[in-house]
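Just one chain is shown here, as structure tokens, and it is the form predicted on its own.
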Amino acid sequence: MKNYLSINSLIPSFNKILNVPGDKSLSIRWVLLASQAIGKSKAYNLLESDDVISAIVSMRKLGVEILKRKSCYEINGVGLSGFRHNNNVNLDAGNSGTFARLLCGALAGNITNVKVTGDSSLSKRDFSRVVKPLELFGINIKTNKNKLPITIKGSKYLRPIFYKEDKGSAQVKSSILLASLNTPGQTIVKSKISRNHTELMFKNCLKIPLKIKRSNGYEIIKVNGKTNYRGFNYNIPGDISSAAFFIALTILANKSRLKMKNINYNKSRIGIIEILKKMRAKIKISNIKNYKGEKVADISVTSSKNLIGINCPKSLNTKSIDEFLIIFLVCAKAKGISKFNGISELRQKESDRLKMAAKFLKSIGIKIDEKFDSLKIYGNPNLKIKKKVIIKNFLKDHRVFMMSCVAALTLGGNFKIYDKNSVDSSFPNFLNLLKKLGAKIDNTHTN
């Protein structure tokens, strides 16, 4: 049975304050790291999405006690190499590439076979990027042609490695760092600069001494492993990747204002803010604070009518990789041509997002030029959709779904958007928050 929703009216003007749910990247990392701590850890504002629930269920299968008490999650960690489970236990990562790839690293010291699986979308994604470095540690990994399912058997005799990571993938870097926790000696990662949540948790929550040096677009990270750490508490800030859709919604809506409080403002994640400001979007950042190494801030947005195209610097790519779909939508309403280069990594996401973006933009009347590693968007400030638009067959990619909703609410037309449950993987209350702002959405359809 397929499910879809209908949107056929613009969102009315709004002036609101919105609370965005907890950051998915931080939520997944907290579950993995707290599970391997000694003693109790607590998390507040943990994102209760399918991806995070997959992580919780999997850790329970590995013998970790995880409880929920009102708004607080508690984990009684088992320590490094402390997982206890049946041979060939199946851990289903669902749609989460972050959890699946980080989990592979966390299993480095686990000497009993574990099978890692995922949904149909995740099972099409490349895992060679983590398999290659993890095998260097001495981990035994069997894959389905470098895709899921994967069978992992760790080792008591792990060896530290030096690895150069060239993709700017925080998932690869983090998988290596998690494996290093169970490995004696010093592991060194030379990584293209990417989001650094794992390093910040290591340093500020686990008190694991890291040595980090930046040079020519890379960071060299040195970690000494085989040191247990204590449980830690974490109050998870709002997810900027989720906030991104409401930033774009407000920019494109008519005479509207929005403020979102306590959002993760990590400088490795704010590419969307930098790009949209270059496009003359009206965005203000206030109340910046430091929380356990992470910057947290309030984001205020105002409708913006004089947007201009951007020749996006490649240096912003890794800082905005999860937000490009919604950035492309804003570019569709900007004056002039927007150019993006070095973005082939978008083809390795839940769907081929570069292909999906090109297909969507053409369907709403925007001229584009798509190549394997680049996209040109010929913006139209007067863009108004006056036809029926059907969005389907996007591999249940949650970000394609949310981008389509924002387009429908700001550009017009009669939208029929399938797979409405896709948002459950990262942002279960997305539609409820849209309705709170005044959006009229008919999501009762099934067929």
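Start at 1 and count along the sequence shown; that's the residue number. None of these values were measured; they are calculated from a predicted model.
Same protein, other form: the form predicted in complex with ligand S3P, not shown, and the subject of what follows.
S.K.: Exactly one residue in A332, A170, L158, A106 has a non-hydrogen atom within 4.5 Å of ligand S3P in the predicted bound form; which is it?
M.R.: Only one option qualifies, and that one is A170.
S.K.: Using a 4.5 Å heavy atom cut-off, which residue among K376, K295, K319, K349 comes into contact with ligand S3P in the predicted bound form?
M.R.: The residue from K376, K295, K319, K349 that makes the contact is K349.
S.K.: Based on heavy atom distances of at most 4.5 Å to ligand S3P in the predicted bound form, which listed stretch, 22 to 30, 64 to 72, 414 to 422, 385 to 393, is the contact stretch?
M.R.: Within 4.5 Å of the partner lies stretch 22 to 30.
S.K.: Taking the shortest heavy atom distance, is T98 within 4.5 Å of ligand S3P in the predicted bound form?
M.R.: T98: contacts ligand S3P in the predicted bound form.
S.K.: Within 4.5 Å of ligand S3P in the predicted bound form, which residues of 193 to 217 have a heavy atom? Give them in sequence order, or say none.
M.R.: Read in sequence order, the lone residue that approaches ligand S3P (within 4.5 Å, in the predicted bound form) is R195.
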